[in-house]
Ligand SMILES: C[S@@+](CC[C@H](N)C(=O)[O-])C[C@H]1O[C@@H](n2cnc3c(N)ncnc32)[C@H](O)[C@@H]1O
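Take a look at this single chain in structure tokens; it is the form predicted alone.
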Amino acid sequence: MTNTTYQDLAQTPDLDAASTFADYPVWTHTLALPPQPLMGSTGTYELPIFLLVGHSWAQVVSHFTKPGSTILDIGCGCGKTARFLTNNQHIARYVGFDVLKLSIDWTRHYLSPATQGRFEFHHADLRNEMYNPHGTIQACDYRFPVADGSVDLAFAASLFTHLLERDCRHYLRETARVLKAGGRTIISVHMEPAPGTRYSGTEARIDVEIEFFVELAAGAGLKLIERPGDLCGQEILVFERVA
């Protein structure tokens, strides 16, 4: 039986917010690399893939970023995408949140100081069987840590691929709540639900019929405006908040 991410991290109790990949030093004016177990919590233990996926997502996010933007990273992990956005001067404010406290501690230790406060990271103590089984908050009750109508662009890289349907519906509503009128969100999904279903899986992996996901988003006030296709093995969709 495959371990959960929570179990994998629990097997490395010496990890802390100051740990780095293979004990590489942090050179002046560079960003630290997360330790391998923490990096693995984002989906890969391979450094080249970690960097490739983060860089690819950052390029897509940057494509939709305008000067002075506030960006919300829904499920930021240990900053796989954020690290490539730190030098994007169009970003006036970045807010990321994640269920793994160690990831947030690490990003606060290494990434926030490098941005002079433009990038902030929040821990969401959400109950999730894969990532945080002892969490105190249900995902369907969580309120994103930003104000109504304050975000220009939100993105969720491989986050909805782990949300049960009721939690997915709530996250779509929360995304619409925080976006400015005309604000956009980029979301990735797996699109191979079990035969005869439109939405299936566990928190380890969720698959959804694309048309059904678009319906769910529309019900939350989000309109599909672009379907760029595959990005690193997942289908990405771009929505705009209906005014």
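Quick caveat: nothing in here was measured; it's all calculated off a predicted structure. Quick note: we count residues from 1 along the sequence shown, nothing fancier.
Not pictured, yet referred to below: the form predicted together with the named molecule.
Query raised in the report: Want to guess which of 160-168, 84-92, 110-118, 146-154 is within 4.5 Å of the named molecule in the predicted bound form, heavy atoms only?
Result: Careful reading of the contacts points to 160-168.
Query - Interface membership of T70, the named molecule in the predicted bound form, 4.5 Å heavy atom rule - result: Contact check for T70: no, nothing within 4.5 Å of the named molecule in the predicted bound form.
Query raised in the report: Does the 4.5 Å heavy atom contact test between T175 and the named molecule in the predicted bound form come out positive?
Result: So T175 does not count as contacting the named molecule.
Query raised in the report: Heavy atom to heavy atom, is L102 within 4.5 Å of the named molecule in the predicted bound form?
Result: Close contact is absent here: in the predicted bound form, L102 is far from the named molecule, nothing within 4.5 Å, heavy atoms only.
Report task. Please check if S41 has a heavy atom lying within 4.5 Å of any heavy atom of the named molecule in the predicted bound form. Result -> Close contact exists here: in the predicted bound form, S41 approaches the named molecule to within 4.5 Å, heavy atoms only.
Report task. Enumerate the residues of 112-145 that have a non-hydrogen atom within 4.5 Å of the named molecule in the predicted bound form, in sequence order, or give none. Result -> Result: L126, N128, Y131, A139.
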